[in-house]
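Take a look at this one chain, the form predicted on its own, written out in structure tokens.
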């Protein structure tokens, strides 16, 4: 089973608990020469399954402006410039709100008195490791930090040129951290549950990948007998269904014990290999369709 070198496969869902990490870790485990990136930096848990041997760990920092009040003359140009309202003029001084600063550096460049410099502030860490041939990258946002985007950027900028396929385990939802996670994705897999609430969340991430114009398909998880609103949504909107995973107590037990299904059972290994084959076929179909357009 091979894919184009550097092929980036993003796995996302409208909420937590749908099986996004379940799919991500098992796909990475069955794909040869793969890398797994855990972009769910607020609560990463892929490492609990891979249990990687950590090879390196580095701090992620951002630049936050600091004001030299001796040089500042209160012109307020920096305050007027900042579109994120991270600067305010209070009691004859410029106040910096670290939590909403986007570290663009514009205020420092603009200041006519050179009263603004930058300091490095830690926002998280990135760890690299190996687990039975799978290269793992895990980002962890420090508690209390407002945005995981800098950590995710750091993860996605890592050199993975030696890997044929990179599986990106995205944060749940459709906020900025998810947008950052899928920015360079070649294909997205949307994981959905067979409920009305699951369909609502599927529609949310479907709108996002459509907006980004990234090819995508849906994996239906926890399927049972009877109506499946998420499947109906896919049919009505001509969305490719990449596969179905039935509700299975044995699958749930192995997964809850922090084990990778594809490494514990030949049955599950074949199941995830089949899902990946279906993804590759859909990617090939999209490539042909793009060529004809």
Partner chain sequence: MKIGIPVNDNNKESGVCISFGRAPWFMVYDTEKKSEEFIKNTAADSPGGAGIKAAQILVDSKINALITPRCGENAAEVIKGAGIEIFKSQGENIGENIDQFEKNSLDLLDDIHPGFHGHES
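Small disclaimer: the values here were computed from a predicted structure and weren't measured. Numbering follows the first chain given and starts at 1. By rigid core we mean the largest C-alpha set that fits within 1.5 Å across both forms.
The same protein also has a form predicted in complex with its partner chain, omitted here; what follows describes it.
Only one of 142-150, 67-75, 110-118, 125-133 places residue heavy atoms within 4.5 angstroms of its partner chain in the predicted complex, namely 142-150. At a distance threshold of 4.5 angstroms between non-hydrogen atoms, residue 154 is out of contact with its partner chain in the predicted complex. When contacts are judged by a 4.5 Å heavy atom cut-off, residue 161 does not count as touching its partner chain in the predicted complex. At the 4.5 Å threshold, heavy atoms of residue 174 reach its partner chain in the predicted complex. None of the heavy atoms of residue 197 is located within 4.5 Å of its partner chain in the predicted complex. The candidate site formed by 251, 254 and 268 is entirely out of contact with its partner chain in the predicted complex, as no residue has a non-hydrogen atom within 4.5 angstroms of it. With the core held fixed, the Cα of residue 197 is displaced between this form and the one not shown by less than 2 Å.
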